[in-house]
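So this first bit is one chain, no partners, the form predicted on its own, shown in structure tokens.
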């Protein structure tokens, strides 16, 4: 098992993980608003958003050029760039960083696509360990229903169509998300993920999240 050391920066890093449709992004946005209203300096980072690789990723997806390995390597490049530019500097300055998806997304998705589990973990060994890693766990059928009902068309890679499991996008998406959820469940104990039951009300989830975050923020005062 790869060991990720606790960072020694004065800031705090809170991240959210979960399958598509788990509601994690909504919860992080609410946390962001609350932290700012409380007077904290907050920075935000999201998965696959580095300008260094965004155009390359978009073009490759459009032409369907990715293999599981190249997909994994590109996301690792994106993450490395964002870590250097968007995550470590605010942490050094004593700020709060919120990340919508983190290394555990790669661990789940890449392995679901067939990449070697140990290889993927080794690739992200440079990552800063989060102060708290929230895992919003929604039953597969609930998460699938939320996504499918809200999107008229599932994208090729989003649905895992590149893996050739089935010709039906919705069925492929269900298979893919099931494999991802299995990987997340494996990681709960391995990486001490904080599980939030995502079937509860938005208010209940947010209240629990704020309570956990508040305990860690006492160290900033």
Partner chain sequence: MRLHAFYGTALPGIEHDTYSGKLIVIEGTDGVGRSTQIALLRSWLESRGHAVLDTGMTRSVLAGRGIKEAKLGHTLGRLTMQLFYATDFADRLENEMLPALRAGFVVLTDRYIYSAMARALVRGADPNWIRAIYGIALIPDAVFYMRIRSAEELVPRVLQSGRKFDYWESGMDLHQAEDLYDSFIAYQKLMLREFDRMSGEYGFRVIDASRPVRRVAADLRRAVGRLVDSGETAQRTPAVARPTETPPSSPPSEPLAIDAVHRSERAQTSG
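Numbering follows the first chain given and starts at 1. A quick note: this is a predicted structure, and the numbers were derived from the prediction, not measured.
Omitted here: the form predicted in complex with the partner chain. The next part is about that form.
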Can you tell me which of 22-30, 190-198, 148-156, 48-56 lies within 4.5 Å of the partner chain in the predicted complex, counting heavy atoms only?
48-56
Among 115, 144, 91, 133, which has at least one heavy atom within 4.5 Å of the partner chain in the predicted complex?
115
Is residue 63 one of the residues lying within 4.5 Å of the partner chain in the predicted complex, judged by heavy atom distances?
yes
Indicate whether residue 129 is a 4.5 Å heavy atom neighbour of the partner chain in the predicted complex.
no
Mark residue 98 yes when one of its heavy atoms lies within 4.5 Å of a heavy atom of the partner chain in the predicted complex, and no otherwise.
no
Does the 4.5 Å heavy atom contact test between residue 67 and the partner chain in the predicted complex come out positive?
yes
In the predicted complex, do 34, 38 and 213 all put a heavy atom within 4.5 Å of the partner chain?
no
Within 60-98, the residues that have a heavy atom no more than 4.5 Å from the partner chain in the predicted complex
60, 63, 65, 66, 67, 69, 70, 73, 74, 76, 77, 80, 81, 84, 85
